[in-house]
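Consider the single chain below, provided in structure tokens and representing the form predicted alone.
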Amino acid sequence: MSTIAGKLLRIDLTTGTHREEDIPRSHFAQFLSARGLGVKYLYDELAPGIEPLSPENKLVLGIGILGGTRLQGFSKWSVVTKSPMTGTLVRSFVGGNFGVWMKSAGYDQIIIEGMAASPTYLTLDAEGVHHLDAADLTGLDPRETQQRLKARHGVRTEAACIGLAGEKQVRYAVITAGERTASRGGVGTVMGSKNLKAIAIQPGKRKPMAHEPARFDELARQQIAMLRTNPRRKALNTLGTPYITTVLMEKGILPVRNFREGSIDGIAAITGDEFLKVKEAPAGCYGCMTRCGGMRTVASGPYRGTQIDGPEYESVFALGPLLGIADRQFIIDANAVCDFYGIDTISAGVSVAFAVELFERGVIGMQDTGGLALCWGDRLGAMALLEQIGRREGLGELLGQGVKRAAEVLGGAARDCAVHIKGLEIPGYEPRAVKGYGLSMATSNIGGNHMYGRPRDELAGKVDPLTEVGKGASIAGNQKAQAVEDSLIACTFGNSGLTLEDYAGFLVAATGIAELGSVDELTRIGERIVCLERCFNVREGFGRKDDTLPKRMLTEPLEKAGPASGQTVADLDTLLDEYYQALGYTPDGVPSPDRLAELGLGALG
């Protein structure tokens, strides 16, 4: 018995066929699941240099080894593909029930390849896979799409789908499942490029059965008991992630006005307590007691009068302070617009902030904005641009390509205002205020991302966040640990307080794979995953030149940021040298043949 299904489902949209394949048990021992298996399959099967929006790209959907069990915070699922934003590999995670339904159908992974000849949706039930006409779903928002699929195929149907932005190939379109989204890197854009509107799954009969049921149940009981009193989990259950907005501003970490400043007047209007006042019901993922989400009513826009699950902190930052706005209801309504069209709130907010700064500097004018006189704090202008991005109209045609491509089109001073790493917009943590975050984001194999290796000690104040030396090894270690968590899809909100020792105990009881009971081996697996992702990118032409931060972070002192005021990242080169040395990479950021061999990846050298 094992919580591993051991199967993948391969679906070819071009031919309308599918087949089941066994996943070698050795793959789980080497790469765990979810993120790890995703990069393994993508590296092995994707030819170098393919266009991310071509039929040759693949979407790899996966759930973790521990998903669908009594354990808390392990039932999210992953999407791995080649990103249309960056040209690198990308992974994105999403909650809801879809992943558990996938495992109940008997699959750890689903690989989608090819391109349908016309708009299509897939259904997966006890009778197999069905390729169906999606003409009547075309143009619908994700919520309406899911409602129609439930009405058509049964109320227990769980679907992953795209909105209008995915259909129109906005570069940072998301995949939506329930009220949650796989948001980063354009995974929904890849889905849309395949003429695939939705994947609908009926729950199957397979239940994950642990290798050692009694031991596994005891570990689950211990975890649940710990979580009941864990203060972080309790705060997330009550306030959700918006509570960190003020915490970050106090430390100068909150990005304001397109990453120029670190504080905003009126912050009291968008605290966790303020969002709690309008929280009408809790919301969360499959079987999770944390339920960090919250349903709130939308006052304007296409979702007016309905409720959305949100906003999370990243949406608060991107649709609020980054635009010079401290308005709780506007952030809720803007989040709803992004959900309606199916676009990433981080990339959308950064793109709008980019446009506001360009207008302020005179790089673009009213002839470019369709008559909008953009300025910081302008709610109407920001909302109009979000609508244009979602429909890929007006200035939204350009902004929907992301700030990197938009800056390349506009040229000149626009490049100095484009805040991205490897083409992916930076999330809501100011690198100049937390230098370890700057290093982690710069070296992230998926571009600007706050969840690739969080500098926990710096954020907690245990290590000086402004120091620029001696952090390479710690960030490398954080990235290894994060790769393990991501490959188990250990939700950072749902499993507060867990350690690698805890994961090791869970895995042995769940699978019977003895080597997974070693913390050292889990760390080695995490490094193997990070290294294989790096090899994917090196094969695509990426290297040290791409492990950098926006010019703004390197040369412009951060303003109005409390203890971080006046900071730049002045010595990124030293941090990179430390990081590469810790991972056994060459000074150019390429894994050395010796390190590849040590990680069991010698065939790649």
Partner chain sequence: MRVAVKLVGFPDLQARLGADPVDVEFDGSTLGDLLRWLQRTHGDPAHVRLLGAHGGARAAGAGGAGAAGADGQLDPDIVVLRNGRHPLPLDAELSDGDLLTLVVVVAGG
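Values in this document were obtained by computation on a predicted structure and should not be read as measured data. Positions refer to the first chain, counted from 1.
Here the subject shifts to the form predicted together with the partner chain, a form of this protein not shown in this document.
From the list 459-467, 98-106, 301-309, 261-269, the contact stretch for the partner chain in the predicted bound form under a 4.5 Å heavy atom rule is 459-467. Mapping the unseen interface onto this chain, residue 244 counts among the residues with a heavy atom inside 4.5 Å of the partner chain in the predicted bound form.
The partner chain is not shown here, but in the predicted bound form it comes within 4.5 Å of a heavy atom of residue 223. Taking the partner from the other structure, the partner chain in the predicted bound form has a heavy atom within 4.5 Å of a heavy atom of residue 502.
Heavy atoms of residue 454 reach within 4.5 Å of the partner chain in the predicted bound form, making it an interface residue. Put simply, of 354, 330, 493, 93 only one has a heavy atom within 4.5 Å of the partner chain in the predicted bound form, and it is 493. Residue 238 is the only one of 238, 523, 120, 123 with a heavy atom lying within 4.5 Å of the partner chain in the predicted bound form.
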